[in-house]
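One chain is shown next in structure tokens, namely the form predicted on its own.
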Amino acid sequence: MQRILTTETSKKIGEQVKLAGWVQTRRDHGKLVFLDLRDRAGIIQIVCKNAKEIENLRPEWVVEIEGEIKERPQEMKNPGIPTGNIEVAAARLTVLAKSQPLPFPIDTLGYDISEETRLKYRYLDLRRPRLQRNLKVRSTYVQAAREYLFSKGFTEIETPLLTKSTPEGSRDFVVPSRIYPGKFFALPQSPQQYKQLLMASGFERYFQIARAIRDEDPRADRAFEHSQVDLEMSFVSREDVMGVVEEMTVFALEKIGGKIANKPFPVVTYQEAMEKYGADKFDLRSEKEKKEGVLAFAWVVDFPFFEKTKEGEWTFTHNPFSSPVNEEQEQWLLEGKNVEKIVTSQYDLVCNGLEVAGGSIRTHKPEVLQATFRILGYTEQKIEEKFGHMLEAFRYGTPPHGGCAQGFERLLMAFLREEYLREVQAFPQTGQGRTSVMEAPSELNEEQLEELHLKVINPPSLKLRRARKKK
């Protein structure tokens, strides 16, 4: 007999079936014991007549049950669940796995349980109905985004996780090379350079569900790792890319039941945003819309390309691979003049006060990319060392192109009304930057260090590192 899910049982009244899952609850009524059996699809009531055979059975044990599906007596029907009109009269029950008492309840929302405890036992925390819902919604959103992009002629292509350390705005996580002593890979902060190289390769429309890995201090809406819908297009304008991202977002959100305040999304300039809201991330919802869980989007455009650091040097505001908004400003960039007036072709998408996507029209001209890094203070030698591969690619007929990365985890935070990114990720890091379940980061043994040609010299204590950071 083949196992079926609880959601399939309503159409099989009078039939013998096999079910498997977790014991949600147990209720003893003398000679009868009632179990609620939970699988990935839902819950169904099981009636066991031989109570002695299951006297040790406890919640969260994994069981397999064979029996007949029967209609419940009228007075015992439960309209609160899809299977509330039926039950299974168990003829055979097999224990597949036993469970110790859980360290915390999983039938609550779980917000009152400490982060440390929840993430230590994340595999149990994920049994919680709220998190089951969140990750299923996440999966449906990603599927819908893929469906939309495939319908528009995009090709899904994976880019490497082992790459080169280049300045992209955040610290890199680095990976020592065993084969090349003293040299290191970097994990990608984004697929930025590879997706531009794919445009040089002639694919014209690329996307992937990409992992971005950045050594930034964790906070509510930011972690070491996050996922994004990453895309790039050739022969497009800023408005073309924004249009595709907007259509994809609306299509995918409506698949999961999202309510959107305004379509098309309003567009405001960076200057307008700062003057009106005091920030380039803002919330356009009314109080009523906040209570109803409405999503209010807006595009922000026309950002300054460069800004001064505390040391008085120029740095980029978003992405050094972007192009200026017009030919006149491109000429300024090439000449290194009017730097403070140069506007980048960057566009950000904000939703309910969160930045949920960002991109730009890229430069595809080697001389423009070189000029950008000269303004940032790079020597010609350093430019060639860090970006020579990009400059060379641009000399072989790279088309004009632009793209965007949508941080859909933040978007789902807004949709699901969650306050923390971890609530829409399966195995997130803690606020202290440690992994779920596994104890990492951890030390390497001497043999591993020797193999990687590394030596740890007087590692500072965590307390000392925190003290240095505060200074």
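Numbering starts at 1 and follows the sequence shown. Computed from a predicted structure; not experimentally measured.
FYI, the form predicted together with aspartic acid isn't displayed, but the following is about it.
Of the candidates 83, 363, 360, 352, 360 is the one whose heavy atoms come within 4.5 Å of aspartic acid in the predicted bound form; the others do not. The listed set 35, 405, 65, 412 contains one residue whose heavy atoms approach aspartic acid in the predicted bound form to within 4.5 Å, identified as 405. Residues 205, 238 and 398 are none of them found to lie within 4.5 Å of aspartic acid in the predicted bound form, as judged by heavy atom distances.
In summary, the region of this chain contacting aspartic acid in the predicted bound form, judged by heavy atoms within 4.5 Å and restricted to 98-106, 189-197, 270-278, 127-135, corresponds to 189-197.
Within this chain, residue 372 is remote from the site of aspartic acid in the predicted bound form, having no heavy atom within 4.5 Å.
Interface residue remark: residue 319 is counted as part of the site for aspartic acid in the predicted bound form, having a heavy atom within 4.5 Å.
Among heavy atoms of residue 214, some come within 4.5 Å of aspartic acid in the predicted bound form. Although the partner is absent here, residue 228 lies within 4.5 Å of aspartic acid in the predicted bound form, judged by heavy atoms.
Residues from 68-97 do not approach aspartic acid in the predicted bound form: none has a non-hydrogen atom within 4.5 Å of it.
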